[in-house]
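Quick heads-up: it's one chain on its own, the form predicted on its own, in structure tokens.
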């Protein structure tokens, strides 16, 4: 059973002046025409600015490229979905019947979009300062653990560097299938390393995300092999 926006308000520790903003932020497009897509757009902009500015202040000697990579390591679908799960946002999402049946309440793309929409809702309801405080509190531990000497590289980059460092062939990514409507497509990709006779598959809401998932799975296999 989906819990109410009022219950969500308590869970995220952010009282709203007008609870309607939170209701819209929790409503997926599958549930109606008044949904969270527009708030997600606003929230994404606010989030990127707040995290970007926090990194700018935290690392005064970091150049633009480093700051961009640091922000990308914090503001991405996987991290946002993890933050959303920490708030149990899946319990409050308002989904259409199809998404309910397919487990949309636990899908990374839906959770990350909802989190951005909530940021947009806080911004529209209470202004920038309130949204900034909420974001910095939510990301406090991640910002504290971030170092400009250790930029977290994406799985594809790490896999390629791992293989090249051992003079092995680079991975080959193949698009297997894509399914769903144009705005809700799911891509399925294969990642193969012939020298190691390894193959993994990944899925995601874009080809790039599917490739990253497949690369991470292959890295996990290589790590397991080295640890045994």
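Not measured: the values here are computed from a predicted model. Residue numbers count along the first chain shown, from 1.
There is another form of this protein, the form predicted in complex with another copy of the chain, and it is not shown here; the text below is about that form.
The stretch from 57-65, 172-180, 195-203, 159-167 that comes within 4.5 Å of another copy of the chain in the predicted bound form, counting heavy atoms only, is 57-65.
Though another copy of the chain is absent from this view, in the predicted bound form it lies within 4.5 Å of a heavy atom of just one residue from 133, 124, 83, 107, which is 124. Residue 46 is the only one of 26, 31, 189, 46 with a heavy atom lying within 4.5 Å of another copy of the chain in the predicted bound form.
Another copy of the chain is not drawn, but in the predicted bound form it has a heavy atom within 4.5 Å of residue 101. Within this chain, residue 147 is remote from the site of another copy of the chain in the predicted bound form, having no heavy atom within 4.5 Å.
Looking at residue 137, you'd find every heavy atom of it more than 4.5 angstroms from another copy of the chain in the predicted bound form. Taking another copy of the chain as positioned in the predicted bound form, the residues of 27-52 that bring a heavy atom within 4.5 Å of it are, in sequence order, 37, 38, 39, 40, 41, 42, 45, 46, 48, 49, 52.
In contrast to the form presented, in the predicted bound form the C-alpha positions of residue 65 and residue 213 draw closer by 3 Å or more.
Compared with the form shown, the residue 68-residue 203 C-alpha separation decreases in the predicted bound form, the change being 3 Å or greater.
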